[in-house]
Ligand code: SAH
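Shown here is one chain on its own, the form predicted on its own, set out as structure tokens.
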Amino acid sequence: MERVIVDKAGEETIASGHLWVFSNEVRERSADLPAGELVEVHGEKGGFLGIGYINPKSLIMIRLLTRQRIAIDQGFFERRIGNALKLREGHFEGSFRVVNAESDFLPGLVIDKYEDALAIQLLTWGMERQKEMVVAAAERVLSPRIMVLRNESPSRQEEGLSQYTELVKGSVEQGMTIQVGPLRFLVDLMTGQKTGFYFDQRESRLLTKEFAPGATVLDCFSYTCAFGLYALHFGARSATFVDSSAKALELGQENMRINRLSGGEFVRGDVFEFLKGSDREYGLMILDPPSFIKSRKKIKEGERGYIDLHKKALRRLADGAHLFTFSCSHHMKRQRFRDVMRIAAYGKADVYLTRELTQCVDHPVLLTIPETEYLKGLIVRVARR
């Protein structure tokens, strides 16, 4: 295994518990190392720091897999997946995220469990090169009936990887449903967004129980319509779902049908334009947009987008209404997200912070890796001026 020497900053990063080594922290390496190659990482004085995989063309040049000198084989992946399963033990059954990349010391790997089916994402060259061992380890530990590789994430393009979807075990039937809390949801394992469902909002959706009874609800960027459907289940008078995807809204209508709910209106369109053009007021609103900030360079642009979105949203909220709002970018800091809400409300409303939210515990936040906390949420009560 080739050695890579990192500088003092890289050594301190690893000592702090992080798994990333940036390109400017690498002092010495072989010039012809291929992307995804396993390497030993050493400090400037020669001390062994761990084993990871390298991508010479990536800003994050090395992602650490272990701080021990051990074999990276199928047994390694079985142990890591087993540890991730134990971390979630007692919290979930049936359908949940089993492996969440860096949070579970498997950078570049995501495994979602849908009953007896697995959707696996290999997001980096390092994981792509270990594909056979990862798949074999997942089968050994989790014994699924179906396994799908959902390798069409934009992050693969950034790594220089091709995008593809591959069924590696079993057959995918139409109309597969999963139980998440009190409701059931259809899942498209082969073509659904991400791996088919967003588990990270599981706990936040349950909180609609407090605010839904009798409310007129607006669920923006609704995708599977889970937030609004939970609200209807908990007694909302009506729910309007807005999304740009016709397929997502069709899925939402099916989800409403299989849960025997009523009172849903489905609107295909741009959320910004809908909020601008509507004159209706809502008692409960959910804003759960895709990430506006894909990189550090996009922070200012993304913040302007969030401020504009919240300004438009506040115009459609009744006095005393509640807003669930989220940012799913790790570049958006928690205090700054509060500031976005405050700036948007300037001169129009007083906003009371009721609760701060984060991702569900099957997406663990590892404090030594701040980037693992990507989801920030606020529940606010709006007092119109």
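Numbering starts at 1 and runs along the sequence shown. Just so we're clear, the structure is a prediction, and the values are computed from it rather than from any experiment.
Unshown form predicted in complex with the ligand; subsequent notes refer to it.
Checking 130 to 138, 97 to 105, 244 to 252, 276 to 284 against the ligand in the predicted complex, the stretch whose residues place heavy atoms within 4.5 Å of it is 244 to 252. By the criterion of a heavy atom within 4.5 Å, Thr216 is excluded from the residues contacting the ligand in the predicted complex. In the predicted complex, the ligand sits beyond 4.5 Å of every heavy atom of Gln74. Contact between Ser222 and the ligand in the predicted complex is found at the 4.5 Å heavy atom cutoff.
The closest non-hydrogen atom of Glu303 lies beyond 4.5 Å of the ligand in the predicted complex. The three residues Phe324, His331 and Glu371 each lack any heavy atom within 4.5 Å of the ligand in the predicted complex. Between the ligand and the residues Asp270, Glu173, Glu210, Glu93, the one pair within 4.5 Å by heavy atoms in the predicted complex involves Asp270.
None of Pro290, Pro154, Gly160, Gly235 but one reaches within 4.5 angstroms of the ligand in the predicted complex through a heavy atom, and that residue is Pro290.
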